[in-house]
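Okay, so here's just one chain, in C-alpha cells, the form predicted on its own.
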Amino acid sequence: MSSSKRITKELNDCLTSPPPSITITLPSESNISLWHITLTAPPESIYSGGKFGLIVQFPPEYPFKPPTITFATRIYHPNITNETNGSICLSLLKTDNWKPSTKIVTVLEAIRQLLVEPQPDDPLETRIAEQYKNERKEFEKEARAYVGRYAKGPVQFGTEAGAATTGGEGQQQQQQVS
C-alpha cells in the first residue's frame, strides 16, 4: 500500500471512528501528507478549556517511518518543548519504537492522554518536569496561565511548512472528527 493510500485510509478511519475532541483540517486538498489538528483539551486535564493546534507531517516513507507531529500552540508541559513549534516526546513516535502497524488515531489519542498524564520521567523540558514532580501547585498555575495566554480562541497554525493561518485564505478542506 502506498503512503498516500495509507494516509487516505487513516483519514477515513478517523472520520468513521473519531477520536474524542479532535478536528482534522487539510490545509491543501492536493497534499494529504499535511494535517492540521485542533485538539480540545480533556476536561479532566490541567489544560481544560484550551484548544491546541498540532501539525502532522507524514513522510513519504510512511508507515515505515513515523509522522512528525508538533504543537503549533504553546503549552507548558514537561513532554513538549516550550517554543512556538513544540516538539513532542512520546515513545510511540520515536524511530526506534515506531511500528508500521501503528495508526495515527492511536498516536492522537496518546497525545490527548499526555495532556491528562504528563510523563515527567521522560521529559523534553527538564525544569518543567522537576516542577511537575516537586512543586505541583506552581506547575498547575503556570500551565493554566499558558492556556489562558495561548490556547483560547481560534487556533493559529502559522505559515511555516505551507501551513494555513486561521484567516481563511487559500483553499482548505476541513473534516470534523469530534
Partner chain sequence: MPPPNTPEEGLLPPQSEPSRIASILATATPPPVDSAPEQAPSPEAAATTTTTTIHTVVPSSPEDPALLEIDYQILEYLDTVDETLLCPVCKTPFHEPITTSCGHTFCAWCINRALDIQPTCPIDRQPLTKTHDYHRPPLIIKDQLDRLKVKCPNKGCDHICPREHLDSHYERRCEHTMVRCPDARCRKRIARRHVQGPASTCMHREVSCRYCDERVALVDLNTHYDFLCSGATTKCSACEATVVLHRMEKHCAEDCLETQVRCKWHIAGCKVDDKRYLVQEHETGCPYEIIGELLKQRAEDRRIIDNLTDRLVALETERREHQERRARRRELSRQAPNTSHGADAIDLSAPDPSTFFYDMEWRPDLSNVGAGENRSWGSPEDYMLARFERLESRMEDLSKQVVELDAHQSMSMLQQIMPLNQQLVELGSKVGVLNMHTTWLMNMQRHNHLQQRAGAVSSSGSGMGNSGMASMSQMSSANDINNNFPVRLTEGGLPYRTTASRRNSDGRGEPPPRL
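Since the structure is predicted, the reported quantities are computational estimates derived from the model, not experimental observations. Residue numbers count along the first chain shown, from 1.
We do not show the form predicted together with its partner chain, though everything after this point is about it.
Contact annotation for residue 114: none of its heavy atoms lies within 4.5 Å of its partner chain in the model of the complex. Residue 155 falls outside the set of residues with a heavy atom inside 4.5 Å of its partner chain in the model of the complex. Residue 31 belongs to the set of residues with a heavy atom inside 4.5 Å of its partner chain in the model of the complex. Its partner chain in the model of the complex comes within 4.5 Å of no heavy atom belonging to residue 144. Screening 134-142, 56-64, 115-123, 40-48 for residues having heavy atoms within 4.5 Å of its partner chain in the model of the complex returns a single hit, 56-64. Residues 95, 96, 97, 98, 99, 100, 101, 103 are the members of 84-110 with a non-hydrogen atom no more than 4.5 angstroms from its partner chain in the model of the complex.
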